[in-house]
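Below sits a lone chain in structure tokens, taken as the form predicted alone.
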């Protein structure tokens, strides 16, 4: 069920020079949120910015009835949001979107995060470990950043006890290269094959590469696609992705368009074509 209400900001934490973590008290979203869902937040009571902003749900605390978002300041909307103070109230719509498909079988799981793609995948990793649906030793978390100072959540990943492999494009920490390069290099070692579930989120170019690799090796991979969502409810068709059904039905192979906000944001990597 989707809720719209004004919720109180419990805390605002500045993680890096432009990265923030906000925590809201909202029992409805905390209880209903699943890994992959997002919240649509009205930044200001004024007309600037006019549209809401969509943020992947980063964490929930059922006992405290809170949910967290993680975001980087990239424009006017996120700048205003970063300046919000504890105790302020914001209009929130959520939880929205679909969620990751989670297997209960003894399969290897690989989470591939690039940059801000850490947000929905941290929620997923935390859910998997806390729910004990998958043994933590079956979970591998590949996390890529441009440089070592950009990493966040490393303490949380260590506490979860999942196998974590880091990569930086400049080589300042871990493997040198993009996280997709690391994925390819460790593909065999991590047991990535048809019996492996892969979940990924990151920049558009990274999502395109993960889609191409999934098609090439016929891998089950779900992408969390992030984009501007003007309405968040599927009414405006402002957040579409090219979609080609990958099955044996009469419509298989025919291109159409899906709305990321309501048909996603989680998609089978083999069924989308990204520019």
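Everything quoted here is computed from the prediction, not taken from an experiment. Residue numbers count along the first chain shown, from 1.
Keep in mind that the form predicted together with a small molecule is not shown, yet the notes after this line are about it.
Taking the partner from the other structure, the small molecule in the model of the complex has no heavy atom within 4.5 Å of any heavy atom of residue 188. Heavy atoms of residue 71 reach within 4.5 Å of the small molecule in the model of the complex, making it an interface residue. Contact check for residue 225: a non-hydrogen atom falls within 4.5 Å of the small molecule in the model of the complex. A residue is said to contact a partner when one of its heavy atoms sits within 4.5 Å of a partner heavy atom; residue 209 fails this definition for the small molecule in the model of the complex, lying far away. Per the 4.5 Å heavy atom criterion, the small molecule in the model of the complex is contacted by stretch 112 to 120, the sole one of 112 to 120, 175 to 183, 141 to 149, 154 to 162. Checking 168, 126, 99, 78 against the small molecule in the model of the complex, a heavy atom within 4.5 Å turns up for just one residue: 78. With the partner omitted here, the residue from 60, 54, 26, 221 that has a non-hydrogen atom within 4.5 angstroms of the small molecule in the model of the complex is 54. Within 4.5 Å of the small molecule in the model of the complex, a heavy atom is found for all three of 38, 229 and 265.
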